[in-house]
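Given as structure tokens, the chain that follows is alone and in the form predicted on its own.
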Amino acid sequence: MPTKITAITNQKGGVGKTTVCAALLSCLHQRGARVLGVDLDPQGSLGFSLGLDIEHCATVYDIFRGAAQPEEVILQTDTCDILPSNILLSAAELEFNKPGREFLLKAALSKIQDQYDYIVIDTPPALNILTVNAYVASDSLIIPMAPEVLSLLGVSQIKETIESVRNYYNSRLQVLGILLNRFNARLNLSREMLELAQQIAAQLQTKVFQAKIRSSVSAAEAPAHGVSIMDYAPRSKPAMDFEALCQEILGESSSEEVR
């Protein structure tokens, strides 16, 4: 099976991209898949939330500037392998300005992707060169959004970037779906945002995932313990929702092993 590469993306911050990324990595790992997480956010949240010391290690930034090979940067966690990042990556927009800079991540992953079944990329809350690198390297996108108007605006603004990447760099890029996070079906606002999300999904030629992630204190606590919600509170509502999401993405009718 060829490696499947998926980016978790929304230019709006605070919609739960890192939580989604960590949960998916854990779900896939639990199915026996070989998984790699790539942190393209200079805040380094993915590596930190999975227990890494991101301030004292080589990072994606070192790969991009040619100071290290991907296999030298990969770190292991109980959940998955990680290509970490930290604040140094925030210089990418200015520092990496040569032709072909959109392909830095794709070139790096091409050296190691055969070692993995799935690669999941956590993107920054911006439509910058790092996000474009994620789109160029990926087969598909998952767009998390919180049930609030500003989050919805972030989703609608992604459309132009996706179309540009498809036209110039990566014609195979598809949107797997929009994922509603911190969803409460009892609230009018959540129901209204679901309707608007479905309209935007139609514009992106995709869907809103049937699985919707409910709120829980445990989801906020998990990063402080260096594990995903799936490992920290596997019986919590968000963990069950992420399990349903993973099944939906993989096309499973019930939990089964990745072969």
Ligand SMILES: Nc1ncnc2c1ncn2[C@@H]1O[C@H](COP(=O)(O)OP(=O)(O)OP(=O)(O)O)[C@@H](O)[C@H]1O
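Just so we're clear, the structure is a prediction, and the values are computed from it rather than from any experiment. In case it trips you up, residue 1 is the first one in the sequence shown, and so on.
Below, we refer to the form predicted together with the ligand, which is not included among the displayed structures.
The contact residue chosen from Thr79, Asn86, Asn181, Thr131 relative to the ligand in the predicted complex is Asn181, the criterion being a non-hydrogen atom within 4.5 angstroms.
Residues of just one listed stretch (29-37, 216-224, 190-198, 52-60) have heavy atoms within 4.5 Å of the ligand in the predicted complex: 216-224. In the predicted complex, at least one heavy atom of Val15 sits within 4.5 Å of a heavy atom of the ligand. At a distance threshold of 4.5 angstroms between non-hydrogen atoms, Thr206 is out of contact with the ligand in the predicted complex. The partner is not shown here, but in the predicted complex the stretch 105-137 reaches within 4.5 angstroms of the ligand through a heavy atom at Pro125 alone.
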